[in-house]
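One protein chain, two forms: both are listed below as structure tokens, the first as structure 1 and the second as structure 2.
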Structure 1
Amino acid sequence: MAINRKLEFATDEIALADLAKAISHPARIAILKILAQQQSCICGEIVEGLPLAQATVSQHLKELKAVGLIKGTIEGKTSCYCINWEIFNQFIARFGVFADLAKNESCQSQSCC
């Protein structure tokens, strides 16, 4: 793009977009699924479960961590990751904004097109 207009939007719009971007890749959806159903969240297991190179998976984990959707701690030689449910649930709750706006104007029921 010629100019990055991102910062001309509202802070909460940028924040929600950033969270959505973090899960906008099937690999990162798959990672979240793996973490959701496992107690042991060792990085190596995630790599094995995905059709991607170790470096690529490490990068995807970094992105999820950057927005706070996952937490990671180093356990000796390995790294342990897991979902940060507090952030995750906050993220989902934010979608309520749209329904709230619609309710205030009583628009959701009467679709105009």
Structure 2
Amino acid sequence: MAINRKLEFATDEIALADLAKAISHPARIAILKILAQQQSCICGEIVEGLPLAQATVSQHLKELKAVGLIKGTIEGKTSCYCINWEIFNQFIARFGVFADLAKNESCQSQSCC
């Protein structure tokens, strides 16, 4: 049986990996784009902007919501969603560590590959 060593990594590394995994599908990127273009929460309009079935979109929304990238409310048969900007900005900041490293001239001058 395989051993899951995920918990042996730093909390920040685990959180960044979970967020990256959540946005690793083009449909989820498209959903985030649709939500980011709105000034308020979207109720039911997400499916109209995607070439996917309602059930498939719901699964993608579930994944984004599970890591906190989006917030949602359900009122009767209507679900409303918006980006959780606090979590989204944390993701950008965590990922920004790589951008900071890329600016380091000694990293760019390496000729290992």
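Residue 1 is the first residue of structure 1, and the numbers go on in sequence order from there. The term rigid core refers to the most C-alpha atoms you can superpose between the two forms while keeping them within 1.5 Å. As the structure is a computational prediction, the values presented were derived from the model and not from experiment.
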Note to self: form predicted together with the DNA is structure 1
For residue 97, does the CA position differ by 2 Å or more between the two structures when the superposition is done on the rigid core? yes
Using a rigid core superposition, assess whether residue 26 undergoes a CA shift of 2 Å or more between the two structures. no
Given a core-based superposition, decide whether the C-alpha of residue 76 shifts by 2 Å or more between the two structures. yes
